[in-house]
Each structure stands twice: as structure tokens, then as C-alpha cells.
Ligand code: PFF
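A lone chain, given as C-alpha cells: the form predicted on its own.
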Amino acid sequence: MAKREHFGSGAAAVMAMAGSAIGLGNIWRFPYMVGQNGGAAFIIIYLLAAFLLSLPILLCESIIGRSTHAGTFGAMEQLAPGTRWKWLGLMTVISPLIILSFYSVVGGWSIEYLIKASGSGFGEDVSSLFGEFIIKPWAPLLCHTLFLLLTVAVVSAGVKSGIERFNRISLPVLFVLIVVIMVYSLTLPGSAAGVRYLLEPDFSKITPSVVASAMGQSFFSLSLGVGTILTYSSYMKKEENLFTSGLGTAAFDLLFALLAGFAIMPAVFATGVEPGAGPGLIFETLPYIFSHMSAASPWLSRTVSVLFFLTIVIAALTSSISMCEVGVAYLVEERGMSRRKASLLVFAATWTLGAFCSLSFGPLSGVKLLGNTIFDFCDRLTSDYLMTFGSLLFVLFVGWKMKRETVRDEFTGGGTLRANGRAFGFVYFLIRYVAPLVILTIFVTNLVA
């Protein structure tokens, strides 16, 4: 077997993991979740959940991955050989591939909108544009295929030459693009109402469902419980600081989500659009806003819309690459395949399931799985169940299966990182007691909802 690759530095590892976290969860899902759940009050719960719940889970995956230098399945085999924990490893190979299957469909939509923005624009009548596009059988499939090909091309190039290089370039570009869009959005007449919506909390809006939604969004945004963080952490060198890397990843993810909120919500309020428009906020509401802008300045509207959908495409790719890598790493390390062959096999599997997800808006719209379309079933299966269940098992494994000394040694760099040593007691308490109870509550809530 070829020598296992590693990220070139701690900064490269943080950028890769931040790239995994920053994706459609930030720029597509976060703004509409904020809109549906009361604005600033939701953001406060989301911030608390990110550092008190999601960061400990992220650290659990990092500890498992870095301590074994193996993918999800191999890590469980190393740390708990001959036990049923291997099924956690297998589950976290399958889960990200299911996510990638429908995620690439949405990524394909963003490519279509980028092409549309770059070409003829959105025109005056955009109300039916999204609905008419997704029910078509071939155009969404073609975009889904193109998005997956871009993903696989990066992964097949390897950890350093593919994943690390792509994230080193794409992450700074992402932040520049979202800041440019935010600055423009904040200059629109009437945008101040959107800023107030994001900054002035109405604590009466905080309900159990809002709390659960904020925690779930934090899970989804950081790609927890599905092995992407574990796999990327397995490429980290022993001398890298796991706690610093985890904090950096969470901070980048939060910052980008907030920037996306300030890039979108002021524009939404400036044009009088309902902030709780739901999942269609990006693909239905934003084109309407761009069309509205074009009456005043067609060139400026075209430029902003191109930049916006380019941002979505890049953000989607940084996350899809990490999901693809989990399956590829498994096939390379456990099945002895070449990286190129493994990438093609993952492409074939996710393209096939993704094709069914795409067609579920059109020709297969009548096919229901437990009352859901194929797309919605895959989305709910992963976001409501597999991600939370995987996160629960990860914190139970690190908190109760692994020896405390082993966890502490990995967390503190063998005792050399004194600051980490001082934080360890609190973090370990969150991992062992707080996180399992909260995750179990979310999981049961999703189960009975």
C-alpha cells in the first residue's frame, strides 16, 4: 500500500476542515433557517450550540482520526477491534455518500444559476424559474453530473495535490466574494431593517423547536457525525494542535455563516421579500432580487448575481469534496483500490442515487418513501437521524470507551500543550456528559416529530 498522505501544515488542515464545514449549510440553509426562526434570537442559540455542543463533537472525531491515522472504518477497527463499534465506522462511510448524492443535485442547481446569471440573466418573470427548472428530467441531471465530476476530479488528485491545494485557493476566494456581496447588500435602500433583524434579538421567539433547529443547523453546518472531520483529521501530523484546529474550524464556519446572513438578509428586506421564505430563499427569492436590481443598473445586477452564485458553487464544492473523500479513503485503505478507481466508483454510486433524487422533482415525484420524495427522504434520513446518531456514538466512544489518559494525551500533545491541558477538564466534561444528553434529546425529538 502506498504511503499515507498528510496535510502539509496545521494551517492547511484547518483550511481543509473549514472548507468541509463551509458549504451550502452556511450560504443556503443558514439564512433561511434564521428567517424561519426569528432572526437574532436563533443566532444566539446557534452560537452557543456551536461552541458548547458542536465543537466537542468535532474534537471527538479529530481525536479518533488523528490518533489512528485511518479512515472511519479503519479507525474503529484499530481502537475497538472485534467489537460492534465497526458498524459506526461503516455507517460513517455510507452516510456522507448519501448526503453527497442529494447535495450534488443542489450543487448542480447552483451551476445552472451561475450559467444563467452569466448569460441572459434572470429576466423580469422569475417567480416560476426554479420550479420549471427542477421538474425537467435532463437539465438538472446534466448539472448534477457536472458538479460531481468537479468534486471527483479534486479528490482523485490526492490529499495534498487535490484537497489541500483546492482549499488553499478556494477558501480565501470564498471570503472575499461573500464580503463583496455583503458590502453591496448593506448599501441597498431599506437594508437597515435586515441588519436589525439579525442583531436585535426577540427572546420571545425562543421556543424548544427554535433551540432544536439551531442545534441541528450547527450539526449540519459543521458536517458532524458522518466522518468527514474524522477523515480529514487522520491526515494531520502528530505535532498539530487538535484544539486549535477545532476552534479555527468552528470559528471560520461561524464567521462565514454570519457573513452570509448579512449578505442575504439586508437584500431580502430591501426588496420587501418575506425573510422566512424557506429553502427557496436562494434559488427563488434571490433571483427576484437580482431582477429587481437590474431595472436600476443591469450591469451591476449581473455582476452581483454572478459573484453570488459563483460563491455558492465554490462553497458547495468545498463540502462535497470532504464527503467524497470519506468513501474514497475507505476503498483505498480497506479495499486496496487506487485513488482514481475508488473515485470513479464513488462517482458512479452517488451519481446513481443523486439521479433518483433529481428526478424526484419531476418524473419520479409520485414515488414516496415513508411519505417523502426520494430527495426529501435522503435529506431527512441523514440530517435528522444519521448525523445525530453518528455524533452520539462518537461522543460515547471518546467519552466512555476510550481511556481518559489516551484522550488527554491526544488532546494535549502528550502533555506538551499546557493551555490545552487547562481546558481539557471542561471539554472532557462536555464530551462525556453534556453532549450525549443533548444529542439524545435532539435525536428523540426528530424521531417523534
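Please read all numbers here as calculations on a predicted model, not as lab measurements. One rule holds for the numbers: they count along the sequence shown, beginning at 1.
One more form of this protein, predicted in complex with the ligand, exists but is not displayed; see below.
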| item | value |
| --- | --- |
| Contacting member of Ser343, Thr231, Ser223, Thr311, with respect to the ligand in the model of the complex [4.5 Å, heavy atom] | Ser223 |
| In the model of the complex, the residue from Thr388, Ser62, Ser54, Asn26 that sits within 4.5 Å of the ligand by heavy atoms | Asn26 |
| Non-hydrogen atom within 4.5 Å of the ligand in the model of the complex for each of Thr151, Val154 and Phe347 | no |
| Interface segment, criterion being heavy atoms within 4.5 Å of the ligand in the model of the complex, picked from 353 to 361, 208 to 216, 335 to 343, 322 to 330 | 322 to 330 |
| Residue contact check: Ala21 to the ligand in the model of the complex, 4.5 Å heavy atom | yes |
| Partner contact for Tyr235 in the model of the complex: the ligand, 4.5 angstroms, heavy atom | no |
| Touches the ligand in the model of the complex: Tyr103 (any heavy atom, 4.5 Å) | yes |
| Contact label in the model of the complex: Cys143 to the ligand, heavy atom within 4.5 Å | no |
| Members of 141 to 158 lying within 4.5 angstroms of the ligand, judged by heavy atom, in the model of the complex | none |
